[in-house]
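Next up: a single chain in structure tokens, the form predicted alone.
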Amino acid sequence: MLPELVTSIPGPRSRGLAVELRAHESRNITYVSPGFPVFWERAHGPNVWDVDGNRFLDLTSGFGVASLGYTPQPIVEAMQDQAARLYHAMGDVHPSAEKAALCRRLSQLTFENWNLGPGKVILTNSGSEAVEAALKTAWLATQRRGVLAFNGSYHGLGYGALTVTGRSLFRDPFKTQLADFASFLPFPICQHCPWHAPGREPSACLPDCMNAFLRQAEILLAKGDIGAIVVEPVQGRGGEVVPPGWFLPLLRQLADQFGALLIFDEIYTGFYRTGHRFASDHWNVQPDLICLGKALTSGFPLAACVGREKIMDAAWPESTGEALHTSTFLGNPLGCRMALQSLELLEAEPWSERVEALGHHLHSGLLKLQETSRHWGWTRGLGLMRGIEVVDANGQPDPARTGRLVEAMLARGIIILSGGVEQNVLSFTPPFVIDEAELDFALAQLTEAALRES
């Protein structure tokens, strides 16, 4: 269903709500401008309706959450049934049956599927908490304080997760209060090689780059105080950055060699977003701990840290009645039920084939878009996780132009976000239920909006 072109965005009700929100919410949270935001009222499939009745095509899946589209009927029915019976329990004291079922299912889809034995699960309320649970596990298991992380990464904004997030925008205001256990290395992005080789496609990555990275990593790991390596197999908010083929296998090798735990943050990339169940499956590399969220529930705030049984049992002592890591809403039965239904839908269909086909179609459209203006830079990504850079006449990042394009697209009935370290990447993470005609419509509108900017 293609949106009608509209010119009154935001509409009067959205404008009024923006004034109300601005008066009562911290001003740092919601960006407000004459053309932004709109306030959602309902959504279905890849479409969103605002409080003024305007319909939008959403190319974000609501931050990657609604991979199955909005309000799929089986999830709505499961949520309604669960809410009528039980929507809160005592997660670490008297939990619900849904919590036990979800932990079992996550073990099956991860470490059991990788033939690495059972997995053990820590359920959390957010992806940031899942990362922090993984960091705690690594410390308890290794008694090594250090963590190796990567530039451009995004793991969340709680103080623990922020400590391993490689973005100065988020870290600098709080750096005097952050711990100093994280060491950062460049994340290899072949289009902008951190080792100063000419820009090139990932397939052309030179051995010299791998060796340069290896030397830097070995120097840090050889000190003996790093107990974990935490990485997004594909960087999401960093701008849909796909590493070269040597990267994840080398991290696995280094973790084994130096006795560190390998943590994959697949909160954004998990559950077929990149075409495979997990992005790391593209390289057939398995972690010691994996963090999951977003599409896990299709819309409820619940995430998980899943680890190999022998690691989790070595790290965490048996409960004696007081958990070392828990929360009031841990294993919320409504979220667990939605996750179980979401996983059933995600595993019942050949989403991998559809996502790869639609991703190829989107990538082809972005390559054609590149040819229309000198203000388009590199395009990259996997599956339905794609990005294209917006640059100025000198080929440098142009975040201001990127922001204007986001607002221009909203006025055309299309929701899109900017990302990347320089905030100059237009990010595409549409629901899997979108079709080629809708993608083509969005790209045509983006082409026209960009030409009006020229």
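Sequential numbering from 1, following the sequence displayed. Here the structure is a predicted model, which is why all the values come from computation and not from measurement.
Omitted from view is the form predicted together with a small molecule, to which the following refers.
Comparing 215-223, 345-353, 182-190, 266-274 against the small molecule in the predicted bound form, the single stretch with non-hydrogen atoms within 4.5 angstroms of it is 266-274. Residue K294 is the only one of K294, K99, K120, R380 with a heavy atom lying within 4.5 Å of the small molecule in the predicted bound form.
For the options G335, G307, G239, G127, the one in contact with the small molecule in the predicted bound form, meaning a heavy atom within 4.5 Å, is G127. A residue is said to contact a partner when one of its heavy atoms sits within 4.5 Å of a partner heavy atom; P72 fails this definition for the small molecule in the predicted bound form, lying far away. Though the partner is left out of this view, F247 does not reach within 4.5 Å of the small molecule in the predicted bound form, counting heavy atoms only. The small molecule is not shown here, but in the predicted bound form it comes within 4.5 Å of a heavy atom of G156.
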